[in-house]
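One chain comes next, on its own, written as structure tokens: the form predicted on its own.
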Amino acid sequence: MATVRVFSLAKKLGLRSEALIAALEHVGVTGITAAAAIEEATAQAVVELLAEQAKHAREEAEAKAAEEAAAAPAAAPEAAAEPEGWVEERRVGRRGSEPVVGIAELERHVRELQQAETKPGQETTYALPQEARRQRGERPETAIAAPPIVTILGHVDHGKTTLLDTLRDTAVAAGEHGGITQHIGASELEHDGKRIVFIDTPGHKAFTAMRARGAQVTDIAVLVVAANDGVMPQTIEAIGHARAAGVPIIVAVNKIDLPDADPTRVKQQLLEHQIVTEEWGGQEIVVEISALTGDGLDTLLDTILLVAEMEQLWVEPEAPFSGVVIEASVDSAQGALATVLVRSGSVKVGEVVWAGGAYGRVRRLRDWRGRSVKEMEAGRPVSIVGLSEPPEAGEIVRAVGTPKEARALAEDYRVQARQRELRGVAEVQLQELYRGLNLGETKSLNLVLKADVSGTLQALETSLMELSKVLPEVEVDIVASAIGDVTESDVVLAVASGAIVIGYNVLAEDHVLRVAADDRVEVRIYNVIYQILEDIEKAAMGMLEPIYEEQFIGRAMVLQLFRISRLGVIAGSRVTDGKMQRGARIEVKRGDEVVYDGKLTSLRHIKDDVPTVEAPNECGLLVSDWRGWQESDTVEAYAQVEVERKPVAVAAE
């Protein structure tokens, strides 16, 4: 199914990206950025919503104008009427008001999207069902509040596992098995009578991999930073992944019990990565904690519930069952196991379910502590036993009618996955970036940058962002930048963001390059900065629409005429300069007068129809709509030639 970038659709509709993102939230699409791609069906839904809002606003404006006219019939109009189909209304975005795109234009976009059909040979993709998406905002009467889904991210040894252990009252970090052999990749706790679900993320890769597959699982990211270490490379990676997922970030400054703890220094370091705390005028909430002693954990839980309340999360318990796979594995005794976050409805023992290439009848359900249950309701994690194979993280699980139907869906899914693999089209490479980004005039060039030192990294960022000024049709977006070698996490972030990985004076190990090759992500390593800028500029130039101009390509003299009944008049000519080209525009001149201006329909050399004839060869010229040739006529040929794009010089300010 075709997709469109958010910023491209916003520009086409005459909106700011922020306004369109806000409108997308109304149709259940959350946690996205302006560079994210959405399916045509989703684009159609949001365009229809905006069209309805614009129509409603126009009706209100017309009714108000009628009332004012009735109240003051003699009053002269103070301004000319707006063009029909255009209105002014309060934008659904968060930053004031702006002109709304015309209703007629919106309706045209709706028709275009409705008429878009799957082309022959194009596979069907399984869209994320509405009920599997995280629901926010106003909820129907049948809906219930949902517990927030929280993921802990941060640098190694900064206390992520200890924090989860203390919250769950287990002892995983100390090597004791407590709940480690029983919990299922997610855990629950209650605070002030409200449930919170924590996902035991195996790392930033899985966190973003689920987003790359279209399943936004996490509602809130807790970024753990050690008060004595400060911001470290994996901290920066975690920030990039949380931002890519578009979820709120709560910063937990850990290890405040240590003598060398310096929370203020941590907050200052976070400023360098655009994490501005509330006390310094920003939006991110910072909580100082000690995962070891438990200090500040109640405040952290209060903060999580506060952010969740602002997000207005809910689930629909009466809807058909659907969920998202958090992780999966194979157990020698039980077979395939899948940890699933139930998004809507409830899953029951005995139901037939399908998830990607996996299917089966639910034989057993276990809660996060490993206890068997008959049913698990919406908003909670559960382990499912009974699938034919372990599904991938991020797959959507659905209830289906019969095992036969589930098996057919799984087989169809595997066939399509194999077809995609065999196509082997590089989706994220410099030379392929233009593909699929031609809906809007602005092209997006997404980059993940890695460098050896901070000074080089900053210089590189500045230089690359300058391309947006030199090439106004290109939008350079640095998705993430950090110091250190290229890692698998960088590759996965590039997959989720449609980005290229650029490294300067760093390494990319073989296994990382293999992952990049499998995911079709281009990784480029340099040791000279200007080469990076040259290559990116060339890529950006290649992304732009080509410029064509008409250029003189040749001249010929008519020597003799041949009349053929089934063809017409063929002008036997000699090319005296350049070349004649079939399909070129020609001007036939008789002295100083142009007697014909049109297209060269056919070009013959001896008895063959040929595409070009160069000087000093002879040829036959034929046009389909004119027979007025005369000997000694001069023929000049012109063709559309692509002109090399050059950067636009920008005057210094």
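The structure presented is a predicted model; accordingly, all values stated were derived computationally and were not measured. A residue's number is simply how far along the shown sequence it sits, counting from 1.
There is another form of this protein, the form predicted together with guanosine-5'-diphosphate (GDP), and it is not shown here; the text below is about that form.
A.B. asks: Please tell me which of 232, 307, 292, 301 lies within 4.5 Å of guanosine-5'-diphosphate (GDP) in the predicted complex, judged by heavy atoms.
C.D. replies: Flagged contact: 292.
A.B. asks: Using a 4.5 Å cut on heavy atoms, which of 330, 408, 567, 258 is close to guanosine-5'-diphosphate (GDP) in the predicted complex?
C.D. replies: Looking at the other structure, the residue within range turns out to be 258.
A.B. asks: Indicate whether residue 272 is a 4.5 Å heavy atom neighbour of guanosine-5'-diphosphate (GDP) in the predicted complex.
C.D. replies: Flag for residue 272 set to no.
A.B. asks: Does the 4.5 Å heavy atom contact test between residue 241 and guanosine-5'-diphosphate (GDP) in the predicted complex come out positive?
C.D. replies: No, residue 241 stays farther than 4.5 Å from guanosine-5'-diphosphate (GDP) in the predicted complex.
A.B. asks: Is residue 579 near guanosine-5'-diphosphate (GDP)? Define near as a heavy atom within 4.5 Å, in the predicted complex.
C.D. replies: Residue 579: no contact with guanosine-5'-diphosphate (GDP) in the predicted complex.
A.B. asks: Residue-level question: is residue 267 within 4.5 Å of guanosine-5'-diphosphate (GDP) in the predicted complex, judged on heavy atoms?
C.D. replies: No.
A.B. asks: With guanosine-5'-diphosphate (GDP) left out here, work out from 508 to 516, 243 to 251, 454 to 462, 158 to 166 which stretch has heavy atoms within 4.5 Å of it in the predicted complex.
C.D. replies: Of the stretches listed, the one contacting the partner is 158 to 166.
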